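Have a look below at one chain only, the form predicted alone, in C-alpha cells format.
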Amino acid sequence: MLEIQGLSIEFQDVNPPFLAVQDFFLSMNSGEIVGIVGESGSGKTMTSLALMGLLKRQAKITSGSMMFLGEDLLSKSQKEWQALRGKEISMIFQEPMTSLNPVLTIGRQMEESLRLHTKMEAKERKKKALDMMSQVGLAQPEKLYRCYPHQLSGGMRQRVMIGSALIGNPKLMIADEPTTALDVTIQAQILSLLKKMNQEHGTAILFISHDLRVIQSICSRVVVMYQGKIVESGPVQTVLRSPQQAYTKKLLSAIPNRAYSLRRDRKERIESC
C-alpha cells in the first residue's frame, strides 16, 4: 500500500542547510500497524508531514520517492493533495486542543471530511458524525455534537480527533503521539480504540511515538530513528528483545518501571454545553 524509498528532507532557510530526514525507507501493507519511534528532533514527525503533503515551505524533499496505492505522491499538485487528505490518508495530531478549531462545534469539525469529499446532505452527514462518535466511545453524541473543544476533557478531544480521522474511511491513518498528553487510564483506552478501529475498518496505522512501551502495545513492526536516520527496524518483539544498536538500547533503558506516566487527565465529561 505504501512504499517510501530513500526519502530525504532538508531545511534550506539556514546556512548550511539542515538535513532533517536522511535516506528514509518504509513499506506498509493494508491494515498493518507500523511504529516510528525516536526522541524529539529525530525526524519522525517530519516524515509524517511529508506523507500528508504538509511540509512547511522552507522544508524541501531533496531525494527519494513516496508511492501510495500505486500513485506517486511527490508528483501531486496542491489540489490533488487536498483531494487525498482526509479521504485516503488522514492524521491524528499530537495535541487535539491546538488541532481542533476553538470556534467551531464538535459536530461541524467531525463532518469536515464529509463536506470536502462527499455529496452527502447535512442530515446524512450529521447521522454519520453521531454514529462515529458512538463508535469511538463518546457518550451523549447528540449533546456532544453541539459542544466546543474547551468543553471536553483531553481524552474526549482525542477521541474526536480519531473519529474525525476515520469518518472518511481512509486507507492510511497517521497517529502522531496520540496518547502523549493523556494519563495511563485514558492512554490505554485510546490505544485499545485504535486497535479496534484498525480491526473493524481495516485502516492501516502509522503510529509515531517516543515511547517504546506504547509502540510494543499496538504495532507489529517498528522503525527506530535518530538524528533523521533509521538506526534499526524490524518486528517489534525482535527489536525489543534483541536490540542491535546502542541508541535502541538507550531508549529501552529509559523506560520507567512504573507504568507510563503520573500525569493525570480530567475525568471524561462534557462541561456545560
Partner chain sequence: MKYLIKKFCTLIITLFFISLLSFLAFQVIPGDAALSKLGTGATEQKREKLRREMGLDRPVLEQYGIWLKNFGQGNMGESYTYSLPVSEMIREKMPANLAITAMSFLMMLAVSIPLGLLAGRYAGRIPDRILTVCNQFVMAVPGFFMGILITCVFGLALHWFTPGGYVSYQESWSGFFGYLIFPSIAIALPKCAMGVKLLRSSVIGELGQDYVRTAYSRGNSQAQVLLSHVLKNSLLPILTFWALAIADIVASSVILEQVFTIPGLGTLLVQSISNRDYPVVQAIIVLIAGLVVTINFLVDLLYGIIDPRIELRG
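All of these numbers come straight from a predicted model, not from anything done at the bench. Numbering follows the first chain given and starts at 1.
Omitted from view is the form predicted together with its partner chain, to which the following refers.
Inset, instruction - Using heavy atoms and a 4.5 Å cut-off, decide whether 47, 172 and 221 all contact its partner chain in the predicted bound form. - result: No: no residue has a heavy atom within 4.5 Å of the partner.
Inset, instruction - Quick one: find which of 65-73, 234-242, 49-57, 28-36 has residues within 4.5 Å of its partner chain in the predicted bound form by heavy atom distance. - result: That would be 49-57.
Inset, instruction - Give a yes/no on whether residue 77 approaches its partner chain to within 4.5 Å in the predicted bound form, heavy atoms considered. - result: Looking in the predicted bound form, residue contacts with its partner chain do not include residue 77, since no heavy atom lies within 4.5 Å.
Inset, instruction - Decide whether residue 150 counts as a contact residue for its partner chain in the predicted bound form under a heavy atom distance cut-off of 4.5 Å. - result: Yes.
Legend entry - residue 113, heavy atom within 4.5 angstroms of its partner chain in the predicted bound form: Residue-level check for residue 113: yes, a contact with its partner chain.
Legend entry - Residue contact check: residue 117 to its partner chain in the predicted bound form, 4.5 Å heavy atom: Flag for residue 117 set to yes.
Inset, instruction - Check each of 82, 140, 199, 192 and return the one that places a heavy atom within 4.5 angstroms of its partner chain in the predicted bound form. - result: Only one option qualifies, and that one is 82.
Legend entry - Residues from 102-127 in contact with its partner chain (non-hydrogen atom within 4.5 Å) in the predicted bound form: Read in sequence order, the residues that approach its partner chain (within 4.5 Å, in the predicted bound form) are 102, 103, 104, 108, 109, 112, 113, 116, 117.
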